[in-house]
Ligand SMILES: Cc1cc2nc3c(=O)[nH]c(=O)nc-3n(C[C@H](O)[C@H](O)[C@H](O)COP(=O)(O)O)c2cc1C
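Just one chain is shown here, as structure tokens, and it is the form predicted on its own.
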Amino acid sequence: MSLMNDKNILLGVSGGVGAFKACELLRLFVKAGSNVRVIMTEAATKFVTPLSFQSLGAEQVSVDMFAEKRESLEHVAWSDWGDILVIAPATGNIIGKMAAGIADEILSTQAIAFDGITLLAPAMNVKMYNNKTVQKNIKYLESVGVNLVGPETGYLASMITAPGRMSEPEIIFKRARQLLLKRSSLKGRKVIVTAGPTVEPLDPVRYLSNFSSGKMGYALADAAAGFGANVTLISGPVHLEPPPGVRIIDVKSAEEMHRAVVKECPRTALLIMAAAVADYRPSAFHKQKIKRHSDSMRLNLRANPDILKSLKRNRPKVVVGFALETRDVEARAIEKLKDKGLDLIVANNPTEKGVEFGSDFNKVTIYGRKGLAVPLERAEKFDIAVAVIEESVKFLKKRGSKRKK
């Protein structure tokens, strides 16, 4: 079952140009199986109508605090119902009201009555965002436990590129999902995740690579951030947005990934090697495009560095590897576990239906020492990632308790 299934989401929408993005955010929550109620300010209805949210799957849409047939204590009832309050966009106006404890319309009233997880996605003109009072209000809300995502630097309604643009709906959704994990077992711990393919240049226009989409590695980084970790994601070339709250290092070749991992490893609690690192690279790089001269061509290849085997100094406390195999999956995974001195290994077969390369789903088995085997049925990659992190945390705790003894 997905983490987001049957979660109760209060989606607040205040009056800003970014209000139209809240429709897509609602769609993402509904698609994930969540129940959503929308709370709109009167100003928000000037940008998008309540009917839009109702049409996209909102259970209820609340606009007028004094509407007829309203429950007299609806603001309290809804606050008890919600697992999280997400306000997107969060204008300088609603941020100021929340900081000052002002409740003069339906959204500010609901926000002040709500005592659960709160996530704001600020969006406003750069001059408003940089205003000292607005910044003071933001810092105060953060100090009392309110979470923020964004704003981003981007193209604003004022036709300039500057900070103040609301984060994209997918990023807000992922941050809400991280917060709903309610985990802190990796709080303050350093975690490194590698993801994606590597590319090995052959000439100025060609390279050797593989079909890895990077989705599993990005899901692992996303989940690790939800456990409170300080996450560094070392990624080969992919077409994915980095998860919120994650530091990313972009690399291309296996050698670049090797250097990045070695450099980042000191003081790391957990390393998850989910990248599909090329085993070989061309022996020589051709400075000019190789021209076709015959019906066949022979390439000379040489081995790339074995990243896992090279981690002798500054080796992380727990190291998790991945084994992507198309046959004899269990035997080959256990062999790799032992050969590379791993603590855990996650094995999968991308030729199985429904978990092919590029899929949003996966089906894996986690193997460990002393016969540990944890099969995970087909699920979204984020949910698989949460299970992998949980098993890694168990191992990390065992290792820590042994050292104390």
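From a predicted model like this one, the values you see are computed outputs, not experimental measurements. Don't overthink the numbering: it's just position in the shown sequence, from 1.
Keep in mind that the form predicted together with the named molecule is not shown, yet the notes after this line are about it.
Using a 4.5 angstroms heavy atom cutoff to the named molecule in the predicted bound form, all of F47, T91 and M128 count as contacting. At the 4.5 Å threshold, heavy atoms of A43 reach the named molecule in the predicted bound form. Taking the partner from the other structure, the named molecule in the predicted bound form has no heavy atom within 4.5 Å of any heavy atom of G12. Although the partner is absent from this view, A219 stays clear of the named molecule in the predicted bound form, with no non-hydrogen atom inside 4.5 angstroms. The named molecule is not drawn, but in the predicted bound form it has no heavy atom within 4.5 Å of C23. Checking A254, M124, A274, V149 for any heavy atom within 4.5 Å of the named molecule in the predicted bound form turns up a single hit: M124.
The stretch in contact with the named molecule in the predicted bound form, judged by heavy atoms within 4.5 Å, is 35-43, chosen from 348-356, 35-43, 362-370, 53-61. Residues of 207-241 are not found to place any heavy atom within 4.5 Å of the named molecule in the predicted bound form.
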